[in-house]
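Read on for two forms of one protein chain; each stands alone as structure tokens, with the labels structure 1 and structure 2.
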Structure 1
Amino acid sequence: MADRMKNNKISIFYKLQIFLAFAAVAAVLLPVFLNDSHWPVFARDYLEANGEEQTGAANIVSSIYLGYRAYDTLGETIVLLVAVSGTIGIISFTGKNLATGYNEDDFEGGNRKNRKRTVLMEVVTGKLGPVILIFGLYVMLFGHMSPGGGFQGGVVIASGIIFISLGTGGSENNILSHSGVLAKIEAVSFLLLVLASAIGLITGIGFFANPFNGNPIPPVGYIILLNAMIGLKVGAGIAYMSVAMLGDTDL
């Protein structure tokens, strides 16, 4: 009887959560669909006409998120940092508190992280990993002139690191499987991003302002620099989280 009442309370709690989630979505989206006024076009037309000239980026998307609204991009990287840190904390906690009756020896060969891997998987992923890394660097560094950028390139880089980890089976010779290396890359990249955003304060042109405007270095150099920092941070963070889930690294 007590268990039934407990299950009913849990069911009601989950239903309440779902109801509140739908209510919140409706409160945000309904005004948008019910509003009969025209969409504002001034900002769109201004960015389309002046984005490349003012930032140097042919890709208008990059000129916006690393130029006009770079401050918001910093917030997005902070959200990713918190998400990765929280996920790693949960993985570390659950790894130290295994369920009662769990026995790693029940897995084939006593090694759970290699149980479902095959030679074919390791060969294919090991060969594709470096190729994906190179493509990720291209997407990251050329996001100012073609579709891509730091976030997209970082995800591709993370995929390459995961492929390499699968291909090497968590070998100690694979430096990218070491939690310390990926964590340091993410931390250093985020620190450099914060320092790059503060250069404008030091020079007196404003927070996250482009310090290359009016200098021999083209303004687009600042966007390439930010893309590189964001790409390394995103790639290292997602790869660290994913490799940890694979069980190929010690937290």
Structure 2
Amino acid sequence: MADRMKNNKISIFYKLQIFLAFAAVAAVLLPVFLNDSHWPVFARDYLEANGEEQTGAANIVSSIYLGYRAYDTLGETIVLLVAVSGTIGIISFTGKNLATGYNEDDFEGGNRKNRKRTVLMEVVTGKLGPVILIFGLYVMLFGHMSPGGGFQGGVVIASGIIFISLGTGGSENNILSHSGVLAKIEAVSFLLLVLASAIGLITGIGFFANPFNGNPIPPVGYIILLNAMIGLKVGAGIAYMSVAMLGDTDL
């Protein structure tokens, strides 16, 4: 009885605590969400007038995230790199500290590999994989003039690689979905990205400055270059993470 009373007491305290947190968040956010001031047009007008001329990209969103604010994009790529590398490190380290009965391989239906493969899926994914890869390359390389770009294209490429690995009966059967190859592509494209950001330092025009000025390569070349490197890095990284989660390889 006393125990129950104690529980009751705790739960009232707990409810009060939750209620307070909610009230505080709602009260703080309400004025910000309800603010009705007119959305600023300065940046839009400036970019509409000068964006394409200064960066060469018709897609103004691309011109911002690979031109005006490319440094943010470098940071974003690094977040992805750390997340991929950390996730693989964390999930591939199994076998230690397992609670009894909670090892994945103990469940019914055999090991992970068998559970995921059916003939239907192998045929469909195997045929679709290359098509998706080509689409991904298109999205990646035409990001400066159409919706898309390195991140979006990279994710599509990654799904193409996952399809190929599902379709060929194991990710180690195809060179594109081989975990070692993916790791190499990711590492090299990250190195190239860091070097590309520093081209301006070596040629003396400044960090992250566009080194192409029209002779012979037009300025948009820098955006395409960055898009390609980010696309390869993201594609290889996410595919690597997914292949690791499929559990075909010993990482």
Partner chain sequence: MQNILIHSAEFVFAPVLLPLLGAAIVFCAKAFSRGRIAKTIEYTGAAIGLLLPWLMLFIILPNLLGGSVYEGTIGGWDKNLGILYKFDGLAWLVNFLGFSVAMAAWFYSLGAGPRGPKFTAIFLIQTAALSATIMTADLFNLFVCLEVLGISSYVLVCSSEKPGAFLASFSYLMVSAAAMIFFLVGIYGLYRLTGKLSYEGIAEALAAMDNGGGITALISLALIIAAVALRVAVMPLYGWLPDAHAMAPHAVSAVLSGVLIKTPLFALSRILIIFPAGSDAGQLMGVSGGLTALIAVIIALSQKDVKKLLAYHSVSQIGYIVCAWGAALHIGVETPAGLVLMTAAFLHALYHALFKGTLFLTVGTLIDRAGNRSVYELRRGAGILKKSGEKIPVTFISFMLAAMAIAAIPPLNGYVSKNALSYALKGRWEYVVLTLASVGTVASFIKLSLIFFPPGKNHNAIAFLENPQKVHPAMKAAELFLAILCLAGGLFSPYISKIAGSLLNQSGTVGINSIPPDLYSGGNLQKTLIITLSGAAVYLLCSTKQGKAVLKRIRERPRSFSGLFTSFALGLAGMAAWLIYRTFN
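Rigid core (definition): largest C-alpha set, two forms, superposition within 1.5 Å. Residue numbering: structure 1 sequence, from 1. The model shown is predicted, which means the values in this text are computed figures rather than measured ones.
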Quiz prompt | Identity of the form predicted alone among structures 1 and 2 | solution = 1
Quiz item: After fitting the rigid core, is the C-alpha of L29 off by 2 Å or more between structures 1 and 2?
Solution: yes
Quiz item: Smaller rigid part's rotation against the larger between structures 1 and 2, whole degrees?
Solution: 54
